[in-house]
Every structure is written in structure tokens, then in C-alpha cells.
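Next comes just one chain, in C-alpha cells: the form predicted on its own.
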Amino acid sequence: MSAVVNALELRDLDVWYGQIHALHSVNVNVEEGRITTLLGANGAGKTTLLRTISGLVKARSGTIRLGATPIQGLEAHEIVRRGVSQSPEGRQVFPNLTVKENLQLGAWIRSDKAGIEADIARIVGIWPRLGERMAQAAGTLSGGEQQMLAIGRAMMSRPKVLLLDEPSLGLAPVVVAGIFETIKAINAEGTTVLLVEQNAHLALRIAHTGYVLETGAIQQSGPAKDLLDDDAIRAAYLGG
């Protein structure tokens, strides 16, 4: 049996917003090659945790390691260079730029033009609708198409770890099902995923490991299948 390797490791992470203690001594292991999901209600601190990993929020104390390398305190652009990319909550595509320009911006750290074009083609292979809309302004896309574009843009830097913040937010169930199947496929190709998601049932069905965050602290963690079967988790997040 091979030893577990953590692609991303958070230890004793404390984050404050002014006088508000947003994250309390958070410990999370994101295993290499797997999907880890972070569950919690609105305001639990899930997005804060992702923004801290990405360097957009600074931790007061604790460590964040990408592999064996500490990355806490680095600027956000440097963390992208090291191999962490985020698809943000609310998608946040550049509405006045075309689909192709949005994807190209996701590859800003790269200079291999042929490789960039190959990756755009790969993303079009995953989401053919984006291929049909390459010259269209991103702001004119449907919500589901914008989510596809946001994830595709994050993939363009070829991240070691892909952070996904609420990919199901505001989308129809049939669209959400397709997005989650794609997340599974991206992971199967070798990309490690940390997924923040309010749809706990869907998240736990595709994840390997889950963490439950409540008021800034990890309250429970374990294999995703065990959390799916946990009565307390089911009552709190899965509708009984």
C-alpha cells in the first residue's frame, strides 16, 4: 500500500478580519490526486479558507504547504506560479472579453503558445459549447457556460491543485450534474481538487475525503463515504 502524499497541507491556520476570528486553528490535508471537499453553511469560513490558500487573504498564524514547500505569505500571483489555481465563487469571468480571451488570461504565467492552444482545444473537448462561443463576450453566456469557462480558465495554468468555490451556485440541477461529472474527469486525469460546496450530497458523492467547517473551525473529517452515512451530517447537510 503506497503512502499518502499531501499535495496541500494546512496546519494550525488562524485568520482574522479585523476583530473577527474567521478561521480557528484549521488543519486540512488535501491528498495528491484526490478530491477533497469542504462543507459548511454560509458564513462558516469556506471561501475565506480558499482565499487564504490563494494568497488573497493573509493568515495571522499557521502554515500552508504545497508539497513540502511553505507558500503562506506569498503573493497571489506567485502562488499561481507554484501550482495552485482557483475558480472563484460567482464565476467572476471577464464579461467584456471573449471566451477565448478569458481562457488565454488563465495561461498568463505561460509562454508556450502551442501548449496554450492545445489546452484551449482540450477544454473545448470537455465543453464543446465553449468552442461554439469562442468569439462571444463572456458576459453574454448562460450561468452554466460561465461556470464552465471559470473552471476552464483556472485549468489553463496547469495547476497541481485546483480550488473550486461553489461550482453549483445558482445553476439548474441538470447543469450541476454535468459540472460535477467534469470535475470527476479532471481529477481522473491527475489534477488534485479542493472543492468547496454547499450541495453536500453531490460533493460527498464525488470526493474521497470530506471536512466539515462550522464557524471557522473543523468539526468533523473523514472518508467522504463515511460522512455521507453519518446521521449528524445527514441531518445538518443532506436533508435528513
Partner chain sequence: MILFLQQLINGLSLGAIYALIALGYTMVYGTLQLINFAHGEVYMMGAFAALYLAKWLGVDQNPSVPGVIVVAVGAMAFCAVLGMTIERVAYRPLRKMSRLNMLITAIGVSLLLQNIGLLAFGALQSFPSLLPEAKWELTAGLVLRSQDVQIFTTTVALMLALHHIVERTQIGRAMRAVSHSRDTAALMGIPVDRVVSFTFAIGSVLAGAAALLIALDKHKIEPTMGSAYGLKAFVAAVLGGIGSIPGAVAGGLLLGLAETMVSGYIASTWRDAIAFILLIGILLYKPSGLFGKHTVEKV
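Remember, predicted model here, so these are calculated numbers, not experimental data. Numbering follows the first chain given and starts at 1.
One more form of this protein exists, namely the form predicted together with the partner chain; it is left out here, but the text below deals with it.
Participant: State the residue from Pro159, Gly131, Pro88, Gly143 whose non-hydrogen atoms include one within 4.5 Å of the partner chain in the predicted complex.
Facilitator: Only one listed residue qualifies here, and that residue is Pro88.
Participant: Based on heavy atom distances of 4.5 Å or less, which listed stretch (196 to 204, 53 to 61, 27 to 35, 169 to 177) is in contact with the partner chain in the predicted complex?
Facilitator: Flagged stretch: 53 to 61.
Participant: Wondering, does Asp112 line up within 4.5 Å of the partner chain in the predicted complex on heavy atoms?
Facilitator: Answer no; every heavy atom of Asp112 is more than 4.5 Å from the partner chain in the predicted complex.
Participant: Although the partner isn't part of this model, could you tell me whether Leu105 comes within 4.5 Å of the partner chain in the predicted complex, counting any heavy atom of the residue?
Facilitator: Although the partner chain is absent here, Leu105 would touch it in the predicted complex, with heavy atoms inside 4.5 Å.
Participant: Are any of the heavy atoms in Ile151 no more than 4.5 Å from a heavy atom of the partner chain in the predicted complex?
Facilitator: Although the partner chain is absent here, Ile151 would stay clear of it in the predicted complex, with no heavy atoms inside 4.5 Å.
Participant: Flag Leu97 as yes or no: does it have a non-hydrogen atom within 4.5 angstroms of any non-hydrogen atom of the partner chain in the predicted complex?
Facilitator: Residue-level check for Leu97: yes, a contact with the partner chain.
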